[in-house]
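Presented as structure tokens, the chain that follows is alone, the form predicted on its own.
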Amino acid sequence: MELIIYFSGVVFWALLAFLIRNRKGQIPVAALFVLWQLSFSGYLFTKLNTNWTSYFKNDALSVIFISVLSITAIFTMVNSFIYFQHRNEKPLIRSIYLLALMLFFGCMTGVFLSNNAGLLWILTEATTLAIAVLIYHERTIESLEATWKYVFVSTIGLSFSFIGIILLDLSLKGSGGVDLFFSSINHSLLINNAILFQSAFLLIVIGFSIKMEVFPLHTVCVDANSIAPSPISALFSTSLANVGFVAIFRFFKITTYTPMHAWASHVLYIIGALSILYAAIYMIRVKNYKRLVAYSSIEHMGLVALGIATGGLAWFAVILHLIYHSFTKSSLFFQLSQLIQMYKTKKLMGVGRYFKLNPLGGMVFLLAFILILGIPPSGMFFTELMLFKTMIEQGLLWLVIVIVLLLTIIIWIFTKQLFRILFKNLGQQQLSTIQPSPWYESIPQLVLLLFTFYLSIQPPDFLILLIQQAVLP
């Protein structure tokens, strides 16, 4: 009953936001939707480990990521209306944006709660339809191209996953994996056909890699990320990537009950390492600052893939890492929205002196870069340390050395481009055309970053307990 009420509420607020075409009228509707999402998230805390039906379960993993999604929703809505204000666009276009955005939140919440492989796949596919509408929001040739590429590759990828789920079910028939309900799979699975099981796992990981933004289907995510409105890019690189993580993590946990666990770990080690390598190579050549931040997401999700493969303490580290990454990367994309508004370009060559033109915005950038690069006291420094320590304990020192070298390249590129944005001189003619954004538009990002700092220095006990529950076998 609770889930019916929640999803009915999402549809109600989405339709209301669509029907009300006045911007001032849409603001309270958006605020009430966020309150609805936060209330549901709070309710989930009180009903931990509840089976709503056999298809939905409220476990610790779902509570963590729905909470992250709900907090991000506050700042996404605020920045969406700032974005609308600058663009002064048609009411119908704005209404479609809000409709798709609210349904997108509902679909992602459903994925996190899914207890069945088939249902998880259906709701993940539904996120593709909602995000496609949002990528196409600006109605340009570039946004049309990015949209159809994303829909095409995503559909192909998720078709692989669908075949993989069928093969996985066949390979586990009669061994405790009946109908693939995640909570009912026992801890001593028997694999009927090893090749079928391996093929199934490969297809599932390849398909969901487009959501998690890791090798091999990550490339279209960079295109979509750089074209979509910045508040949507923030969700794309964080909450949608978390959807991919939860899907792959739940399927990977199945392998831990089988003799195929070591093989599946090797698959994810390769995917993680190649994702970080790809990000490092392409960041050297990048000329667009939105693409630069998008490649950074691939790097972080590559680290997360390594963490899933490593297991043990690394599972704890990657979930904490994803929480920090979600809030920091969202802030960064929200601030990029102001950069685009000011300079009217996404090219790195066209920006500079940001600290002088917008001191508070410059501080937000500086803070976000310190956090995202994992410089102490960033929480991501400690999570990466936990990950590398666990990898070394498992005899993977050589891989840690390779990854650290690649991260050094990424830190160098990021720092170089940050200083370009903040301090590079611009000609007087170019400066005269720039209209600095109001300082108060940076406040939401600053609040989110300070919250992340607090979580980095002193993560609350209940959060630690939730993560410990989420990583239990």
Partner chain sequence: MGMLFILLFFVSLFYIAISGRLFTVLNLLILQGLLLFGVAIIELNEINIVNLLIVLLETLIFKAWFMPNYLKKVVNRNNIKRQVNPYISGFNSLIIISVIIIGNLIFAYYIQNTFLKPAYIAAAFSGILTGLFLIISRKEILMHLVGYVVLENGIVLLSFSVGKEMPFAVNAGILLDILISVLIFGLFINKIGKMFEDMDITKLTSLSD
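Worth saying up front: this structure is predicted, and the values here are computed from it rather than measured. Numbering follows the first chain given and starts at 1.
Absent from the display: the form predicted in complex with the partner chain. The rest refers to it.
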task: Evaluate W412 for contact with the partner chain in the predicted complex, applying a 4.5 angstroms cut-off between non-hydrogen atoms, and reply yes or no.
output: no
task: Check whether D223 has any heavy atom within 4.5 Å of a heavy atom of the partner chain in the predicted complex, and answer yes or no.
output: yes
query: N193: heavy atom within 4.5 Å of the partner chain in the predicted complex?
result: yes
query: Is there any non-hydrogen atom of L303 lying within 4.5 Å of the partner chain in the predicted complex?
result: no
- request: Could you tell me which stretch in 246-254, 156-164, 265-273, 100-108 has residues with non-hydrogen atoms within 4.5 Å of the partner chain in the predicted complex?
  value: 156-164
task: Taking 4.5 Å between heavy atoms as the contact cutoff, choose which of V151, I308, I82, L348 touches the partner chain in the predicted complex.
output: V151
- prompt: Since exactly one of I74, L129, I93, L313 fits, which has a heavy atom within 4.5 Å of the partner chain in the predicted complex?
  reply: L129
- request: Taking only heavy atoms into account, state which residues of 71-91 are within 4.5 Å of the partner chain in the predicted complex, ordered by sequence.
  value: none
